[in-house]
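In the form predicted on its own, a lone chain appears below as structure tokens.
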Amino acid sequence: MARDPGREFIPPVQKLRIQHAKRGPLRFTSHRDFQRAFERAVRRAGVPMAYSAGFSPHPKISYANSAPTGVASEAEYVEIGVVQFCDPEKVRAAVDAVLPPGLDILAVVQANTGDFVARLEASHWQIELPGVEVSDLATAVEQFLAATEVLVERKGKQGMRTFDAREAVIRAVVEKGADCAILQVVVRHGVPSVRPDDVLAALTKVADLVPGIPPRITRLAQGPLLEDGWSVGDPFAPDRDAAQA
């Protein structure tokens, strides 16, 4: 049973790391909306959550590097603390069963290692561009990669901010899709984070590439950079390896 926040403080005995997806119409779910849905789901699933101490206890949940609203993702990550040892696969099935279709729990592992957020070094994004010719996209990407700096602007809480969108892009490959041109791009995480819409703004700046139809964007992977310098690995691998050791 989930713990009553009114009871005494009980420290977590186990941490679980969860990978979930945002698919279809649920890609328009904001981070705050997902937080509310996820907290309801762990309560309905009977997960024995740990809570913070203090006057207003909160469930021990940490969210890592969430995708922007409107963007689909196969690689969102959450860490929770529980007051009883749980079978990760049973938690995955129970929480997935009470979340709406489109917010899907893909994997759960026990946290056997530290520094999880530090492993999320880069993201692999797929950007589908209906109405854009593959040749036009390839030309724009070539000009973008040849540049040493491409400054873009984004409005934030403290006003307009200008930053370089080129430095964070490790790899960009153009593909032909069934009905559109597709850009596969690997972006290194940093401050400020360079998002897919920033990459598109940079392509518009260097090559006047303006999609006539809103792009379809999906984060395919998020994790450590592998030895080749541009592939994104599985951030759960160290936890799985430690469990088998």
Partner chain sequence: MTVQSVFPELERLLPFVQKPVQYVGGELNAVIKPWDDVTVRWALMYPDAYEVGIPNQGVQILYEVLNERADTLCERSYAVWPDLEALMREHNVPQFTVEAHRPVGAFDLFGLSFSTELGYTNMLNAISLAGFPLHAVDRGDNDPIVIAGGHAAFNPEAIADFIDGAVLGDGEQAVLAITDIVAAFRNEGSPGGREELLMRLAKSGVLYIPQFYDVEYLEDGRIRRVVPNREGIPWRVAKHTVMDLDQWPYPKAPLVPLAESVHERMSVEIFRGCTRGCRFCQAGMITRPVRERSKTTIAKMVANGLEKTGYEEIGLLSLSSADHSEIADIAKGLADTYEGTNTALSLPSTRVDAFNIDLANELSRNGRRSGLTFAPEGGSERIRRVINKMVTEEDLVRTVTAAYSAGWTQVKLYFMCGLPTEEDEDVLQIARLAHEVIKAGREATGRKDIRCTVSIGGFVPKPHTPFQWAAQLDHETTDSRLKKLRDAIREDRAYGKNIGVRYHDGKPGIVEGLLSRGDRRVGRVIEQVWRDGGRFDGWSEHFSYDRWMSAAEVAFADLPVDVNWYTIRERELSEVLPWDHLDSGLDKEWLWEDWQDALAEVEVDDCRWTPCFDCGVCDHMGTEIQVGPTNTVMLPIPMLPSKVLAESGTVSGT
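Numbering follows the first chain given and starts at 1. For clarity, every value in this text was computed on a predicted model and none was experimentally measured.
FYI, the form predicted in complex with the partner chain isn't displayed, but the following is about it.
In summary, among the residues Gly190, Pro68, Gly177, Gly46, the only one with a non-hydrogen atom within 4.5 Å of the partner chain in the predicted complex is Gly46. For the chain shown alone, Asp115 is not a contact residue for the partner chain in the predicted complex, no non-hydrogen atom being within 4.5 angstroms. Interface membership of Val210, defined by any non-hydrogen atom within 4.5 Å of the partner chain in the predicted complex, is ruled out. Among heavy atoms of Thr204, none comes within 4.5 Å of the partner chain in the predicted complex.
When the partner chain is considered in the predicted complex, Glu149 lies well away from it, no heavy atom lying within 4.5 Å.
If you check the partner chain in the predicted complex, you find no heavy atom from any of Ile18, Ile61 and Asp228 within 4.5 Å. With the partner left out here, the partner chain still marks one of 150-158, 136-144, 118-126, 105-113 in the predicted complex; by a 4.5 Å heavy atom cut-off that stretch is 105-113. Residues from 27-50 that approach the partner chain in the predicted complex with a non-hydrogen atom closer than or equal to 4.5 Å are Arg27, Phe28, Thr29, Arg32, Asp33, Arg36, Ala37, Arg40, Arg43, Arg44, Ala45, Gly46, Val47, Pro48, in the order they occur in the chain.
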